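Quick setup: one chain, the form predicted alone, written in C-alpha cells, and binding and motion questions come after.
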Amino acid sequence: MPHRQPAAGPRTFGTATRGETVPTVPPASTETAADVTALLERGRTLATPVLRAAVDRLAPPMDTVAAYHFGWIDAAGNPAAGDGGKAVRPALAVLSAEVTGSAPETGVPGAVAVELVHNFSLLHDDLMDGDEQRRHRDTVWKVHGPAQAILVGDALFALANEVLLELGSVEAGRATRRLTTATRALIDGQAQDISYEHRDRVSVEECLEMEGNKTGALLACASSIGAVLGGADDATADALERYGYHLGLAFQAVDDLLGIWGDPEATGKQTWSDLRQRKKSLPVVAALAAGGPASERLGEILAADAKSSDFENFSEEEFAARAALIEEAGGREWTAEEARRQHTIAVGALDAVTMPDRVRAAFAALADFVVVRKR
C-alpha cells in the first residue's frame, strides 16, 4: 500500500462505525457550522430560480422529469420540497465571484451551469450503476424509464452551455471552455469507473486518477467559474481550480467511506451500496494493495464474487464480512487519511490567490464541511 507521511498540524482521525463520520479535521464550531449552512443556502437561493427557469425551457415530458429529479415535484407531479442535494457546487461558484470583488450574483450563471452538468451526470450514473435510490427517493430511470433518464441528462448538459453562452461576454466564453473541459474529464472518469468494475485489480494511482476526473474536475470548475465570470485572470482561475480539484478528491474519499459504511438514513442509498456494485473505490483498492492476510483473503473473495451468478442475492452478513476485511486490511483508515491529505492541499492552494479574508475563510469552511459529513 502506498505510504504517505501524515500532514502536519492538529488534524486527527477517529475510528467510526456504520453511520458515523470520520473526523478528518477538528469538529466545526457552532459559528463555523452556521457560516457553512449560510453559504450553502445562499448558493441554493441564488441559483434555484435561474435553474428552474432553465429547466422550464425543456419540452414535455422532459421538464417534469427534470423537476422530479431536482425534487421540486413528486412522482405524481405534485409540488414537493425534496432534498435537492448539498449544493456545494453552487456555493463555490457564487463564492468564487467574490474573489474578484464582484457581487455574488455574478457567479449565478456559473453556479447554474455547473449544477446542470452535475445533475446530467447523476441521471446517467444512476442508470449505468443500477442505483434505485437517490436523495431518499426512487431514481428517475426507475420512475420514468431509462430513455427519459438519458434524454433529460443530455438536455441538462445542453442547457448548461446555453446558460453561459447567452451572456454574450468574453468571460462567458472563457467560463464555457472551462466547463466543457471539466465535463469531458467527468465523462472520462465515469468510463474509467465502469471499466474498473470488470477488473480484478486497480492500482491506487488509477483510482485517484479516476476520482480526480469524475469528481475533482467539476468541483474545480465550480471553484473558479464565478471568478472567471467576474474577470479573473487565468492564473487566479487556475489556482482556484487546484483548490477545487483537491477538494473534489477529498470529497470523493469521504463519499467512498460513506458508500461502504454510511448510514442509509443519511445517505439515501442502500446499505453497503458500493460493495453491491463491485465498485473499485479507494477503501477497496487500498485494502487490496496493502498485503497481509486480510488483503489476500479480500482479493480471493472479490475475485470469486466477480464470477458469482448469485451475487445480487448476497445477504447483509456477506457484505458486512467484506467490509470488515477492507477495514482489517487498512483500507478504511488509509482512505480517511487521504481525505485529510487532499483537504490540506486544497486549502494550501488558496495561498496563491489574493482575496478578502472573509472569502478565504469561507473557502476553508466549505473544505472542512466536505470532509466532515454523513451524506
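These numbers were taken from a predicted model, which means no experiment stands behind them. All residue numbers refer to positions in the sequence shown, first residue = 1.
Only in words, not in the display: the form predicted in complex with another copy of the chain, which the text now covers.
message: Which residue, 127, 239, 298, 275, is the contact with another copy of the chain in the predicted complex, using a 4.5 Å heavy atom cutoff?
response: Of the candidates 127, 239, 298, 275, 127 is the one lying within 4.5 Å of another copy of the chain in the predicted complex.
- prompt: Among 349, 323, 36, 62, which has any heavy atom within 4.5 Å of another copy of the chain in the predicted complex?
  reply: After the contact test, the surviving option is 62.
Which of 308 to 316, 66 to 74, 338 to 346, 52 to 60 sits within 4.5 Å of another copy of the chain in the predicted complex, heavy atom basis: Comparing against another copy of the chain in the predicted complex, the contact stretch is 52 to 60.
message: Checking a candidate spot here: are 78, 80 and 88 all in contact with another copy of the chain in the predicted complex (at least one heavy atom each within 4.5 Å)?
response: No, the candidate spot makes no contact with another copy of the chain.
message: Using a 4.5 angstroms cut-off on non-hydrogen atoms, would residue 184 count as touching another copy of the chain in the predicted complex?
response: Judged by the heavy-atom cut-off of 4.5 Å, residue 184 is in contact with another copy of the chain in the predicted complex.
message: Within 4.5 Å, heavy atoms only: does residue 194 come near another copy of the chain in the predicted complex?
response: Because a heavy atom of residue 194 falls inside 4.5 Å of another copy of the chain in the predicted complex, the answer is yes.
task: Verify the contact flag for residue 176: yes if a non-hydrogen atom of it lies within 4.5 Å of a non-hydrogen atom of another copy of the chain in the predicted complex, no if not.
output: Because a heavy atom of residue 176 falls inside 4.5 Å of another copy of the chain in the predicted complex, the answer is yes.
Proximity of residue 165 to another copy of the chain in the predicted complex, heavy atoms at 4.5 Å: Result yes; residue 165 sits at the interface with another copy of the chain in the predicted complex.
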